[in-house]
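One chain comes next, on its own, written as structure tokens: the form predicted on its own.
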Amino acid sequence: MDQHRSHNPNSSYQNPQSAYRRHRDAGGRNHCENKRSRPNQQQQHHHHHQSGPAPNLSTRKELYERDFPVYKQPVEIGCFSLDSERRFFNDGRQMRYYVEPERNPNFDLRDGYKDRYIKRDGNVKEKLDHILRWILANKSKLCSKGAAASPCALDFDFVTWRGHLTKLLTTPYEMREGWLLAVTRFKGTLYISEVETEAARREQENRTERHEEMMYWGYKFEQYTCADDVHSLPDPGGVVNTNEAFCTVVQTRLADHRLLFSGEVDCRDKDPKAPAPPACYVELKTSAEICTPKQRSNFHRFKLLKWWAQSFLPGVPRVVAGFKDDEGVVVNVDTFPISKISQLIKNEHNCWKPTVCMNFCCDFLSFVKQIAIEDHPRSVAVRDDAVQPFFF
């Protein structure tokens, strides 16, 4: 495919660590703004801001309606697990297996919310810690060929979470949620982590009890449809513990950007003839039941955008969705192959386009490469027991 790239006229600006804020101006236009900071030489945890022009990257959709950029088939190169106490393990012990439910299962998603629910502490900001622990445990197979330095350089341009890339893909169409990303360059690789925005902090603090319960419903749906091993069945009477997670680690390339990222996986196909990961993985979702044409249009325009972006990036081939009523009962289950979602939305007026999403992400990564060009090891601290590349 033809490859198109945007160029930033401010590409000569040097900056070791940057924060990128996505916001809308008074005219409703979207921009990605670069905020710069440099670590104090005496105190690594303290930053002061420098003055100077802040280059912007537009998020206007029409600028990205070009040929779809080259995106290599993602390849899983590892995985890791987080247990009930959020401890890291360099293996797949938390993998679960998908058990297909009935089409109209009537699952009660409220069950267990009051007495069988252990919720992860949302105030603990893990940043890239778990990905970096995985890198430390697997660095022998990640180093550039012939690298003699210790620790060696990685053969990737970017390391990040899948969720951060998902936000980039949806940015041209996202009118409500902003984001703030921090970037640092270490031994040639750019590490992207998210910083909590003030709006996100307020939203978390002001969640209603109803909102908290509805967040639980998604985890409960997973419990109804996942088994702990190939030969067992789901146990909906057990405890829902959102500390537990299985994460895939994949490598791929978007245009000339070599990517290493990780994302949580809900479950895998239990069929022994299923393809190798990530093609055997299944993403589980819940959504309000669709009763009107307007609801269906909104589902196509907003919900499917996020579902597509989240699964397309790591190569997860399908989303299984439980459609629930207002009382939290799953009245219908449907499967959405990722490869067919673009066909589902093609008749929606002014709907999102996969090519716009991918081209914006590609241009944003180029933008970051042009801005964060100074390799600055003082902004990174590496220890065997913990890795903390970002200091805010």
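Heads up: residue numbers just count along the shown sequence, starting at 1. It should be emphasised that the depicted structure is a prediction, and the values quoted were computed from it without experimental measurement.
The discussion below concerns the form predicted together with a small molecule, not included here.
Q: Using 4.5 Å between non-hydrogen atoms, is L284 touching the small molecule in the predicted complex?
A: L284: yes, in contact with the small molecule in the predicted complex.
Q: Please determine whether L132 contacts the small molecule in the predicted complex, using a 4.5 Å cut-off between heavy atoms.
A: No, L132 stays farther than 4.5 Å from the small molecule in the predicted complex.
Q: Going by a heavy atom distance of 4.5 Å, is Q310 a contact of the small molecule in the predicted complex?
A: Yes, Q310 is a contact residue.
Q: Consider W161 of the chain shown here, and say whether it contacts the small molecule in the predicted complex, taking contact as heavy atoms within 4.5 Å.
A: Yes.
Q: Looking at K139, R207, R296, R120, which has any heavy atom no more than 4.5 Å from the small molecule in the predicted complex?
A: Selected option: R120.
Q: Quick check on this chain: which one of Y173, Y71, Y113, Y219 has a heavy atom within 4.5 Å of the small molecule in the predicted complex?
A: Selected option: Y219.
Q: I need the one stretch from 123-131, 287-295, 181-189, 272-280 whose residues put non-hydrogen atoms within 4.5 angstroms of the small molecule in the predicted complex.
A: It is the stretch 123-131.
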